[in-house]
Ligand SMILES: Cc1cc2nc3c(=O)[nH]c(=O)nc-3n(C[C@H](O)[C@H](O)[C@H](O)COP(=O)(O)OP(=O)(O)OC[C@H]3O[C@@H](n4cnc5c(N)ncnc54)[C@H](O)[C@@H]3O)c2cc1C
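We begin with a single chain expressed as structure tokens, specifically the form predicted on its own.
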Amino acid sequence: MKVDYLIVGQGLAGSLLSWQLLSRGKRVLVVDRDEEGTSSKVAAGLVTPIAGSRFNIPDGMERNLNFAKKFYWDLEESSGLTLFHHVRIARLFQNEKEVATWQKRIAESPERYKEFYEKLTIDSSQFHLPHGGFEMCQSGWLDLPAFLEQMRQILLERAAYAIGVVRPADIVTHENSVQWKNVEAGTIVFCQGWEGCQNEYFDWLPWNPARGDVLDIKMKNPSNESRIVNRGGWILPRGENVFRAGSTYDHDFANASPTETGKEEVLEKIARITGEEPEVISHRSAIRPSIRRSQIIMGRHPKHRSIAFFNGLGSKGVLNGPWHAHCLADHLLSNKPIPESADLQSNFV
């Protein structure tokens, strides 16, 4: 079997890249382990234009957000599914330091920030907001399991998907191609998530993976709140008094399994948001594929041009992934430059 691109992993990165290559007429095969506990399947898929406790709007965010929204809209139109949920975020300040940081941000760049926030109105009897907050606009969440399943169906329809395990030791490299079992590919692209740190071709990158815990909970209240509410942690309404809540960042983990410590940490985050007593329905965890400073990293291997890499999407992958997959496809097909912040060569070689 001959293909142009062999992609290892059908998580968010592998799905986005395979779509870009297929849409340009390339022959693709995606090989995936088809496991449940991957970071793409466990993650909440949040889109937050204003990031973290420093309230940054990262460079290129508007471009990435517009590209991502169009990508998800087009996929929804062609599939008839609702995948991306346009939901605002009630961002509650945790302390006076956050209040001061926020006021400084909007004073320094009022024009840039004005389209991403509005005045917050929220029921103070159901939520803790001693320091106030703001309502984040142009935010939302992607139903990642539904998205990944839709992409899998697209790949299956094109005979471009297989369940299997690709081990680096099983790859035979040639001058302009690679061989894996009976598959000959012009380029193999590893989109393995955190397990990329065990890949001999890319284990030299500065990996910093983090295990994250997420709970599904049931609460009688807040019964009328449709927004995501964030105050050091977040709760995401799923309907019928069910919420998803998270998350943790544990860099010192033994494995990907949920822990009682992780569960208690998420419950503490919920308690900082609301006084309502949650009933835990399920507890899941997975390992995020973080690389130095949570960078997306992509490009060809410095010595093996037929081996490439796309990883590190992390918690902002739903927002940033589509545009970066587009840029990587441009690079693989036409040798167009990769954005410097994400370029494997310029960062690490």
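All of these numbers come straight from a predicted model, not from anything done at the bench. One rule holds for the numbers: they count along the sequence shown, beginning at 1.
There is also a form predicted together with this ligand; it is not shown, and the following applies to it.
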* Asked: Among 192 to 200, 130 to 138, 116 to 124, 76 to 84, which stretch has residues with heavy atoms no more than 4.5 Å from this ligand in the predicted bound form?
  -> 192 to 200
* Listed residue that, although this ligand is not shown, lies within 4.5 Å of it in the predicted bound form (heavy atoms), from 100, 107, 165, 156 -> 165
* Of 298, 291, 318, 28, which one comes within 4.5 Å of this ligand in the predicted bound form, counting heavy atoms only? -> 318
* To do: Would you check, heavy atoms only and a 4.5 Å threshold, whether residue 214 touches this ligand in the predicted bound form?
  => yes
* May I ask you to check whether residue 33 falls inside a 4.5 Å heavy atom distance of this ligand in the predicted bound form? => yes
* Look up in the predicted bound form whether residue 44 has a non-hydrogen atom within 4.5 angstroms of this ligand, and give yes or no. => yes
* To do: Indicate whether residue 325 is a 4.5 Å heavy atom neighbour of this ligand in the predicted bound form.
  => no
* Taking 94, 233 and 270 as the candidate spot, are all three within 4.5 angstroms of this ligand in the predicted bound form by heavy atoms? -> no
* Those residues of 2 to 16 which, in the predicted bound form, come within 4.5 Å of this ligand by heavy atom -> 8, 9, 10, 11, 12, 13, 14
